[in-house]
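One chain follows as structure tokens, the form predicted on its own.
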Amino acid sequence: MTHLLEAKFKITYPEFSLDVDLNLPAKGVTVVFGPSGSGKSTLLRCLSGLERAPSGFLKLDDQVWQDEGIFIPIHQRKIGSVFQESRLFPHLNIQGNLLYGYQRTPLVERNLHLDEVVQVLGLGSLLKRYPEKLSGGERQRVAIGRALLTSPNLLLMDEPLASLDMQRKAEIIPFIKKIKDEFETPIIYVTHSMNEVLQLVETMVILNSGKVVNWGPVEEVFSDVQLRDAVGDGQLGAVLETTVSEHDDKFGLTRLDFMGQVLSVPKQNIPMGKKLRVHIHSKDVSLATAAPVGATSVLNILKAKVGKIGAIDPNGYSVDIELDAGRPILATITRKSLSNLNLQIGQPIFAHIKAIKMVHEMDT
């Protein structure tokens, strides 16, 4: 059975409008990504029932939560929510916080139980302590556990790591992966952090100015010449799924197989055969119409074809080029370079990759 989340919302505020129409797989992690003010949190409020869009439709599998004449209130939707702040009850110890939602969930609807949630989230040593005695990362793990113990059919996470430092974020992400793998609870995860996207995402929704500009598998969605405004110059580029093929101890490198071509990255402590997801910034890709003659310091050169040429601003200096290397890759080059290369759609091209920004192990 295919599990689907169908969501259509149209809502207008004095200075902002949300107009979305999505059919998403109700499994794994769907990341909602976009700049501040793009409508990410408003979309989550509509999904949860905190906000009622005048024109809206919401269906999870065979459960209709909103339609013409239908609006199921938030407390009847079986949705768990986790926010930037943990919002724990200070007068209850951790066990009391975890049991708060569990005890209010009818017995026949309890699919998850205290022991298994405590084990997966590593909370066993914290149960008798109070929130004020926990680190920010520990409090967020408790907040996630409390949401899970309502046995939700859908878990909404609104920038749950935004208030944490890098170390605490690194501690929590493996627990979110465990939730996906062990409980099979679909997660809608709002973030503007590319680091979190690479580690968690399966399906990606990109919002800008209240509208969906693209959605689907991250490696197909992210490398789109039309996404500069939504993604931002600092993160525009390609997301590629690769497989570890070899470790070069002599030079401290790991070689990755990307659809039959080879990429080299700094050595990763990961077994051969494991999958890695890499992010290549568009500004770190230069183009050549012929293979290099003689030695070059660039280790990563991929054969590709010109797929799309982005909009050309006569007052700007650069243009985005979408390449087809079996998966899309994005390059940002100068308008002068575009003229010199005389690029045409379908033309064979060599993509010289000067740097690979981020590398993250994928679940297999």
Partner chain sequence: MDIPSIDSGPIWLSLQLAGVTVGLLLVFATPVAWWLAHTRSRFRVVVEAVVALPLVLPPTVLGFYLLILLGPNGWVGGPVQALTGSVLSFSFTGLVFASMLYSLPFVVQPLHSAFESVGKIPMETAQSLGASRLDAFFTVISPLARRGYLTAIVLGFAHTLGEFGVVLMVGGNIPGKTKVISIEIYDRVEVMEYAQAHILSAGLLLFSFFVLVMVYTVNRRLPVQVT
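Since the structure is predicted, the reported quantities are computational estimates derived from the model, not experimental observations. Residue numbers count along the first chain shown, from 1.
We do not show the form predicted together with its partner chain, though everything after this point is about it.
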**OP:** Would you please decide whether residue 217 lies within 4.5 angstroms of its partner chain in the predicted bound form, comparing each non-hydrogen atom pair?
**Re:** no
Original post:
Can residue 101 be called a contact residue for its partner chain in the predicted bound form at 4.5 Å between heavy atoms?
Top reply: yes
**OP:** Using a 4.5 Å heavy atom cut-off, state whether residue 85 contacts its partner chain in the predicted bound form.
**Re:** yes
Subject >> its partner chain contact at residue 116 in the predicted bound form, heavy atom, 4.5 Å >> reply: no
Original post:
Which of 280 to 288, 246 to 254, 73 to 81, 192 to 200 has heavy atoms within 4.5 Å of its partner chain in the predicted bound form?
Top reply: 73 to 81
Original post:
So which of 147, 123, 221, 238 reaches within 4.5 angstroms of its partner chain in the predicted bound form, heavy atom to heavy atom?
Top reply: 147
**OP:** Only one of 271, 90, 266, 292 comes within 4.5 Å of its partner chain in the predicted bound form by heavy atoms, so just point that one out.
**Re:** 90
Original post:
Taking 45, 50 and 132 together, does each of them reach its partner chain in the predicted bound form with some heavy atom inside 4.5 Å?
Top reply: yes
